[in-house]
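Take a look at this single chain, the form predicted on its own, given in C-alpha cells.
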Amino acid sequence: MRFPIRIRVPASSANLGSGFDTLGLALSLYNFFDVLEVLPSGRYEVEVIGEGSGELETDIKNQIVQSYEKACGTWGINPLGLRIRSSNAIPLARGLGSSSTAIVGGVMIANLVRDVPLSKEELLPMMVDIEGHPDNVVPCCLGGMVVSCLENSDLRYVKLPRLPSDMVAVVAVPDFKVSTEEARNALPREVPLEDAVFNISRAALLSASWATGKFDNLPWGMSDRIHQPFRSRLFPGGEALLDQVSRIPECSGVAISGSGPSIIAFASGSGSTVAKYMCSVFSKHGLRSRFFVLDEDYQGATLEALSRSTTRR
C-alpha cells in the first residue's frame, strides 16, 4: 500500500420520493478518509474530526475499519493495521448516507492492499453486500443519479445524465435523529395495489424524465405513497414540509432524504428561498435546523496521494 492517501466520498440522498430503495443521488458534501500510516496487524487508530467526533468509534469497531476488514477477509487478504483520519462533513443519522461513505471508503482502502486492484464498478458488489441495499452506496461510489436493482447478489444499475447546471439540491437538516431501524419499522407490511401502481408510475416518470431532461416532471415524479406518509410522522414538521414546500414556485420537487429526517428539494438558481422556508417550517415545529445548497456530485468516490507532512499528529 502506498501512503498517505486520501479517499473522498460524497453524501447521497436515497429514494427521492417514489424510488424507494432504488434511486439515489450523490451530492457535493463529503467525508474524507486519510490513510496516514500502516500499523501492526490488528491495530487501528481512527481520528474523527467534524461530524461524529466524540461519538464514533476510534478503533476496530469503527465502520470504516469493519468494512475494510470484511473486504480483506472476503478476498483472503491479511489486513494491515492502519492509522486513519476521518474528516466528516456529512451529518450522522440524518438520511444523507454517512454510513455508506464509511463502507465505500473501507472497501476502497482494502482494494489498495490487493495485488491487482479492482475498478470502482467491480467493488460495488462488495459494498452492496456490506450495506445490504444499493440505493446509497452505488451513487456514493459512482456519483450522479443512479437507478439500482438488487436480487440476491445480482446487481444491476444505470447512471443517469447530469442535473441541469442551474438546478441545485437544497437539503434542510434538523437537530433530530431518526435511526434506519426506526424508519423501517414505521412502514406497513402490506401496500394497497392502488398505492403500488401510484409509486411505480411515479418512479418510472421520475427516471424517464431525468434521463431525457424533462425536469418539469420532478414534482409529479417524486410523489410517494409507500414510505413518506409514515416516515414524515417520525419527526416534527415532516408532514408540513412535504405539503408546503412543494407549493413554493421555486421548488422543483421535494422528498424525505433517505430515511429522514432531512428534507431534500430541487430548485433553480440559488435555492435560498426554498432553504429559508424549509428551515422556517422546522422552526415553527420546535426544531433547530441548518441547510446545505448542494450540487450533484458526478465523480463519486475519488482517491489521491497526500504529502507525507499530513501524517504528523
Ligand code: HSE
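Given the structure is predicted, the values throughout are model-derived calculations rather than measurements. Don't overthink the numbering: it's just position in the shown sequence, from 1.
Although not depicted, the form predicted in complex with the named molecule is the subject of the following passage.
Shown alone, this chain has one stretch from 251-259, 270-278, 61-69, 36-44 that lies within 4.5 Å of the named molecule in the predicted complex by heavy atoms: 251-259. Using a 4.5 Å cutoff between non-hydrogen atoms, residue 296 does not count as a contact of the named molecule in the predicted complex. In the predicted complex, the named molecule sits beyond 4.5 Å of every heavy atom of residue 101.
Heavy atoms of residue 11 never reach within 4.5 Å of the named molecule in the predicted complex, leaving it off the interface. Contact annotation: residue 231 falls within 4.5 Å of the named molecule in the predicted complex, judged by heavy atom distances. Here is the short version: of 201, 74, 180, 212, the single residue with a heavy atom within 4.5 Å of the named molecule in the predicted complex is 180. 133 is the sole member of 162, 114, 133, 156 with a non-hydrogen atom within 4.5 Å of the named molecule in the predicted complex. Interface residues of 7-38, taken as those with a heavy atom within 4.5 Å of the named molecule in the predicted complex (partner not displayed): 14, 15, 20, 21, in sequence order.
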